[in-house]
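Alright, two takes on the same chain below, each alone as structure tokens: structure 1 and structure 2.
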Structure 1
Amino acid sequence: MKSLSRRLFTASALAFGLSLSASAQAADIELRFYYPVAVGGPITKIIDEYAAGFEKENPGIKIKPVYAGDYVQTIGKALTAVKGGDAPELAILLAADITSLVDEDAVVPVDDVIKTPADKAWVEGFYPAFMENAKLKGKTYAIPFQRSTPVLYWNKDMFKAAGLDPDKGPKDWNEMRDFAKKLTKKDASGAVTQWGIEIPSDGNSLWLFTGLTTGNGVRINNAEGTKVNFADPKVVEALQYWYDLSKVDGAQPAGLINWGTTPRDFIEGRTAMMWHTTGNLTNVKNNAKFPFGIGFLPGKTQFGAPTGGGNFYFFKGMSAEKQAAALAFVKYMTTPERAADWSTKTGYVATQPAAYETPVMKAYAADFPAAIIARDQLKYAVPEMTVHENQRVTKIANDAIQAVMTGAKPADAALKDAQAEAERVLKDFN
């Protein structure tokens, strides 16, 4: 009796043990994936969908998206986790944060993760404009995912009323200035009722300013991310041009222009033109009661625009098995079909030429040609400023731009001060 119960016990323990180890095997590789958005809502639903689709195709791998707040909060949380020895496997973080991630020793180069020539071809399939700040010191650290770029929006009705061709946006600085003046309207008392143009200048002023500097044929940082070029005469000229649109021409509101309210200004017909992200296309399309056009950002000597947005990063400390799984997931997320689907659903620019050859994208572009403008502008685009201590140096530049736009400092002095300040911050890296 006794032995029987003991045998039973042993047997059941064995069975239990077996089932445990079996489930441990099936309990798969889990990949934690930080994604920079604070809420559920439409975007997270798409991400959840993709993750579920991947899990279905790849049994044995579980994707756990962590929605950790905006970009700044997400990198903060990722770095904290790294320090605590609890790093996620994957994260989408600002492309421009590459230096911080490498400096904090948090990520592995993509080159170490990819294995086959096919993988290599995949990495080479993205737009060069997006890959530029995915690389540092000759190594690739990131895979583009959600990337954006600003474009010029104009109100066709207002163009007609001002005697301009409603189908053509301004092609360079002179024309933009000229159009803006013609489009500015005042009432009897001299108060402006309609502005010619609005280029938002609060918050991250530097992003749109990079459009102006690139259009003037100048880069504001070096590829290594160790030097900035704020005091260059061409940078000063670009800032002066921006300021003069308000101060000299009176075609743009004085003081800082709010990024958040600018689309509303455009929709309400308070401004005839605006610079804003392509991410706003759907919003303007749904709310504007007038036909509107989309065009490249005009430059002085050439077209030019910044790119922004987030890339995939692989974190340090993964087993080889996990790395392979993470790679599989990132590849799944960036197939041309998925990139096209993502772009049409969110307004982000699809990250590779192949995406524009997909039926989904073709149909979307036929219905909404503006989507193609953003792609075509990529030829002229440069990455947003990417240097070491990026947040800090960006803030220095933003402060200088804001000081000028609010009339507190002249452009040359403000940028000279900013250059000195940035050099101080970057001295450890030179």
Structure 2
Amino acid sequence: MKSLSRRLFTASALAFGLSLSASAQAADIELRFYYPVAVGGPITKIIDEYAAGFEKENPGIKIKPVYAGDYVQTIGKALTAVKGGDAPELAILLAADITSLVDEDAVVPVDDVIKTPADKAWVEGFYPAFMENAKLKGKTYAIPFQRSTPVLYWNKDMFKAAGLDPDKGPKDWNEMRDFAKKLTKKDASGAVTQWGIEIPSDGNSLWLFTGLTTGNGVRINNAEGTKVNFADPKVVEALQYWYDLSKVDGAQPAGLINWGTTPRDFIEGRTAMMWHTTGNLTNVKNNAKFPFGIGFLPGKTQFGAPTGGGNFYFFKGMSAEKQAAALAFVKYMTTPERAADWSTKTGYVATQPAAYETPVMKAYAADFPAAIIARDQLKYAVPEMTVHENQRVTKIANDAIQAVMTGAKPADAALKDAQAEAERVLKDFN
């Protein structure tokens, strides 16, 4: 009888996509869902609530979130599970991990999972900027979920005290440098009591650095993911500018700036400006005791920011019924209403235009206009670095950035070495 129920479920789910009928009640399907915890706030509680909501609407399907650490730890655990023959059904992993997951033959194209015209219309409803690195070699491999861009945060009270317009952030590199210098304060002994700016450099270094390179009019890699441009003079200039904020201008802490503690430095008044993910927007909104502004990342020649964050991936090895259930869960998690709810609770960018037309998002944006800044910045956004052997090449770039920020190497030498090392890693893909 249970076998019959399973066959009925499979036929129904494959025919109708979201039609998870009463036969699913007998199927007792469990979907393991790897989820990375990478930002502040009660993220896991929200995910647990969404999973419970889906289970209530779909009796017999169990969602088992597995909180597997940060993004790097999560893809490591996922690929280890794949090699051990125990892959999860779903995972949220970096959009930039698409090449690694496809090269490892770990994931199923979304094109193989969707079955109906309505399914295809759903996939086409996400922002093109987020879909740019959800596709590879003509196939869609991922569905955007917790996507973000970095933005500039500033403390309006500190701006006012420094004689700056509290409602206008810096528009370009020159203004950002000037503002940061004006906002830096020292006590009688010469010790800094308030930094002008913090751009984290010890975690997600390359992601934030891509905001600088894009603002200088250069792409960090080619569209095919086979070449990088680390040694480009504009890339070198961007890294030198970042270093000079500390070494030359004295407006940013010297050495490495911690990704995880930077929002706390901003909230507690130790820095007047910071670059950070929109995924921390709600955290800052709920905890800052001062008015703050949000703006596009200032650039030298143009605005520019990388898209970032995680996508849903479907792993290989699922039965047809599990695949249908997984599709239903991903659809549930990405409805416009849920995307709006997720964005208002976390600060991540809602991944589809339809979410911004929901009553929840309209009301939220009217009360908190900063919520739509990242969405508007998408017109200037590019994908974060997405290349083959992405983890290795990202480490090469991060090591070079950190060598410069700590004073171990000059920018041109560090990036020249990184270029040569990355080319060795990527030679088999050219």
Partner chain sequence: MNALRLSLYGWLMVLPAAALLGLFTHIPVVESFVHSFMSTDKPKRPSRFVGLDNYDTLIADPIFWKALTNNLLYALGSVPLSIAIAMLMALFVNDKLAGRGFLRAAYFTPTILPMIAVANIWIFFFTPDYGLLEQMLKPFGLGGYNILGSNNTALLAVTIVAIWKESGFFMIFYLAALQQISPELKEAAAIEGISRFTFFRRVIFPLLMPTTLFVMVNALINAFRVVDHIFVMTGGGPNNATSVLLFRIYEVGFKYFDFGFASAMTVVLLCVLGVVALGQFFALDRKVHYQ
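Here the structure is a predicted model, which means the values were calculated and not measured. Only the largest set of C-alpha atoms that superpose within 1.5 Å between the two forms is called the rigid core. Throughout, residue numbering runs from 1 along the sequence of structure 1.
- Comparing the two isolated chains, structure 1 is the one taken from the form predicted in complex with the partner chain; structure 2 is not.
- Superposing C-alpha atoms between structure 1 and structure 2 shows the smaller rigid body rotated by 15° with respect to the larger one.
- Taking the core as reference, the Cα of T335 moves 3.6 angstrom between structure 1 and structure 2.
- In this core superposition, G60 moves its Cα by 9.5 Å between structure 1 and structure 2.
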